[in-house]
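Given as structure tokens, the chain that follows is alone and in the form predicted on its own.
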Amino acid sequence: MALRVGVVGGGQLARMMIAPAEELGIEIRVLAETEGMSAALAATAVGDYRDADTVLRFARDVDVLTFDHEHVPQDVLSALVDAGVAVHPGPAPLAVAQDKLVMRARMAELGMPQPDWAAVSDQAALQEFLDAHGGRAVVKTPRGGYDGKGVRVVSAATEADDWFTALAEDAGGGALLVEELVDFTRELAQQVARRPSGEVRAYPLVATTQRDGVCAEVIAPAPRAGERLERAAAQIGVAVAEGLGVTGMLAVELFETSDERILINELAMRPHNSGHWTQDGAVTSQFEQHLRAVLDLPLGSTDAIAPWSVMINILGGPAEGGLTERFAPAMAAHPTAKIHTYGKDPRPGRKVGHVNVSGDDLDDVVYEGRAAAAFFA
């Protein structure tokens, strides 16, 4: 009988688990939020992931349950565990990914390098932090933000008044997260896979480029990253995975500072945009690795198959027409490019696909990736 993996969430990350599942002979089932989502090919159920009964019904016939996103509520996760469902990653590590204040506190407990931060519940507390950090800081909503949403750079406490008002209107109260504005030279990402029995493997450190808060490009390995930096990033990734008990894929987003330190920015406990290059540029893709990890199967090699790989996101898509009519000219002009699309309709700022290119020369690889992706703009 085939191993059965249930994935909560029907987005592109679930979609990209389908091919490696088929290759391994794993039966993959998806609980999609609505009809026609990216992972519709494997959607065996449609329903609300916030409803415990819906998720429990979906999980009844799978060997392990995993996720396309980190938004499943803790009470639903606890109900799954209480019912004997194997949930990877589990409720405790997911709580860290779901709340940035919890994440900062846990990273501090583990002794991980990170920006100065504080939980602030009112304008006065935010102003006090600003005064102590040069008059500018980053304010974040602790829950629900992604791709640059829920993040503001402020130079006056009044610039977060609407968020404080929203907190006051919420019966549960709460606080915002404020962080020092880090003087960073670039952003990096370290991916790690960990299985329940404890085996851990780290991928090459990558450099990421963000545009309007959305990942636009990834280069693997990170250019100009010496052995010391690569070793430090891998050690951080492994320490976080082991310290939090993460099972599956973990992405640790990092700042590299002007004095060559690295600080933790964000965590993601699932396949991640910074690892899409592995589909075509690594021995084991992050999607196959995630399936192996959550099923507690031996992890695959994380080695790169070429000196350089680049991932270019297709953001928004063409203003007129669809993506499919762009395939032929893009493929003809750039035969080394691997084009991945998500079955999504174009919309400004939306991630609708990406292009991967691997090769021996960094400049050539970057050019081919950007040029191929430009056909879909």
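One-based numbering along the sequence shown. Not measured: the values here are computed from a predicted model.
The following text describes the form predicted in complex with a further copy of the same chain, which does not appear among the structures shown.
Of the heavy atoms in V62, none are within 4.5 Å of a further copy of the same chain in the predicted bound form.
For the chain shown alone, P335 is a contact residue for a further copy of the same chain in the predicted bound form, at least one non-hydrogen atom being within 4.5 angstroms. Mapping the unseen interface onto this chain, L299 counts among the residues with a heavy atom inside 4.5 Å of a further copy of the same chain in the predicted bound form. Although the partner is absent from this view, R292 contacts a further copy of the same chain in the predicted bound form, with a non-hydrogen atom inside 4.5 angstroms. The single contact residue among A83, A166, L110, V283, judged by any heavy atom lying within 4.5 Å of a further copy of the same chain in the predicted bound form, is V283.
The stretch from 178 to 186, 222 to 230, 299 to 307, 89 to 97 that comes within 4.5 Å of a further copy of the same chain in the predicted bound form, counting heavy atoms only, is 299 to 307. Contact residues in stretch 326 to 349 (any heavy atom within 4.5 Å of a further copy of the same chain, taken in the predicted bound form) are F327, A328, M331, A332, P335, T336, A337, K338, I339, H340, T341.
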